[in-house]
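Just one chain is shown here, as structure tokens, and it is the form predicted on its own.
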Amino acid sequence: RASMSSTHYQTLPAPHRVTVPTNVGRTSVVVLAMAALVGMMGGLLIVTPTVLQLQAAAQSTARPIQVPTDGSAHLRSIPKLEAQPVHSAMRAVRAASGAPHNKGSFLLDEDRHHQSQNMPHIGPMMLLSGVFLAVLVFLRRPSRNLKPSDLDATWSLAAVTGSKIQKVDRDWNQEKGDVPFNTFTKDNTFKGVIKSVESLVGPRATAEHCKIVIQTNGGIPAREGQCYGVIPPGMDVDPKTGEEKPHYARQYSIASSRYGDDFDGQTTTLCVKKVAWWDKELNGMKKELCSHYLCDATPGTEVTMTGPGGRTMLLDSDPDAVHICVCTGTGIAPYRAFWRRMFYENHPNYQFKGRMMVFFGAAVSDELLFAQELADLQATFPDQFSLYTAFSEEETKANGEKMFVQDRMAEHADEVYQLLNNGAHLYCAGSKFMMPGILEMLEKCASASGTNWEEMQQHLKDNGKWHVEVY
């Protein structure tokens, strides 16, 4: 997690964010390497004398024993060696043959053997030290079976406490007009400037996730639920023809309301995960270009943008509507745009009185994005805002299987189905693998109530209540 230590990453002041040492992974690797080295040296000290002894014993049966040649001695009987230690057997052979005690007269250097016996505990001690260091690294690794409340206080759900949200009053000047769509394209791009890059995750996260604030000066307006395209710098080279062409635009859901995080309409916010995967052809890790470009950017970096685009996830304008929002990872981005407009901005013509339910899934609780805002929302609007989380590497279902977001949603199946039946909106963003479980749950609820699920789903789509954008 070297990227977490970059100086341009900004952190919120305490108690909202506690600075966490980011060299834990590197330290563990170094300690583990030392453990391996010490353990190997200890093992060699233990094994080497035994190997030399066995080698000497094997060779002593293959070579004749040198006996005195002065004619005064005769060959004596040689005792059996199998049941004796090697060095004792060698003494017996020497005594039986009458050979002088000279170094090198036998294959096993007895003096060297006795020298190794003078420090009998060094090998085992070094081996045990290596094992101890390895166990130490094992114990300080991130646990895969912790509950959120068990995590240490440096960054966990237990460390995030909600505070009251004070709605902001502004001169809201973007309330009129149609929804903008493809104002800028690849042939007519918009130039924004990076204002800040902030890490959104804790040290146990499986990947870096960043909040990217871009200065737009109001030049590329959008609505909640839309997305922007970002074109990374450089040229895309066709590996077969060598032809160069500009990179295509990567689409990112907008994670702020139309007025931005400063409520002045001069910025916009993206939520980006640093993407990398194992490439078999390269036999190494391959980085997704644009996500690394954005997460590694420094303030002042120019960003080429297109859009806004997207109509599927648009926030409904009804202030009394119920919104059921399901997501994994950065799929939470459009929902942040929703709750910023609903609960942070005081609009005379949009006083939200409805309800918002967020079902969020990730691998570990350190990947709960915008954790502070979620805690503040629950503390300020407990009757209107609900959060349900599922962390697959930390939580399990009753049958012992991993807990995914669709499983958490299934625990509230009856309530979700009833809300949908009464006109609620369903939004799904993120991983497509959550959809089969969600559809199966809703189909079971519909069947139990005597309703044809396919007809009900089509009714939701026809009435603009079904919003699904997964990948």
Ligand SMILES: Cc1cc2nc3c(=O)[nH]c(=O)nc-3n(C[C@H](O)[C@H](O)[C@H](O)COP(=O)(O)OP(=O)(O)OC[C@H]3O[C@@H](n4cnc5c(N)ncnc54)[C@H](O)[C@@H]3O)c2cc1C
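Throughout, we count residues from 1 along the sequence that is shown. The term rigid core refers to the maximal set of C-alpha atoms that superpose within 1.5 Å between the two forms. Owing to the predicted nature of the structure, the values given are computational and were not obtained by experimental measurement.
If you look for the form predicted together with this ligand, you will not find it shown, but the lines that follow are about it.
Asker: Residue-level question: is Q251 within 4.5 Å of this ligand in the predicted complex, judged on heavy atoms?
Answerer: So Q251 counts as contacting this ligand.
Asker: Contact with this ligand in the predicted complex for L289, defined as at least one heavy atom pair within 4.5 Å: yes or no?
Answerer: It does: once this ligand is placed as it appears in the predicted complex, L289 has a heavy atom within 4.5 Å of it.
Asker: May I ask you to check whether V272 falls inside a 4.5 Å heavy atom distance of this ligand in the predicted complex?
Answerer: Because a heavy atom of V272 falls inside 4.5 Å of this ligand in the predicted complex, the answer is yes.
Asker: Tell me, yes or no, whether T330 is in contact with this ligand in the predicted complex, where a contact means a heavy atom of each within 4.5 Å.
Answerer: Yes, contact at 4.5 Å.
Asker: This ligand isn't shown here, but in the predicted complex which of A371, C227, M357, I214 has a heavy atom within 4.5 Å of it?
Answerer: Of A371, C227, M357, I214, the residue with a heavy atom within 4.5 Å of this ligand in the predicted complex is C227.
Asker: If contact means a heavy atom within 4.5 Å, which one of 180-188, 371-379, 251-259, 346-354 is the stretch that engages this ligand in the predicted complex?
Answerer: Only one stretch qualifies here: 251-259.
Asker: Can you name the residues of 447-469 that have a heavy atom within 4.5 Å of this ligand in the predicted complex?
Answerer: If the 4.5 Å heavy-atom criterion is applied to this ligand in the predicted complex, 447-469 yields only E469.
Asker: After superposing the rigid core, is the C-alpha displacement of K245 2 Å or more between this form and the one not shown?
Answerer: Comparing forms between this form and the one not shown, the K245 CA shifts below 2 Å.
Asker: Taking the rigid core as reference, does the Cα of K280 move 2 Å or more between this form and the one not shown?
Answerer: Moves: yes, 2 Å or greater.
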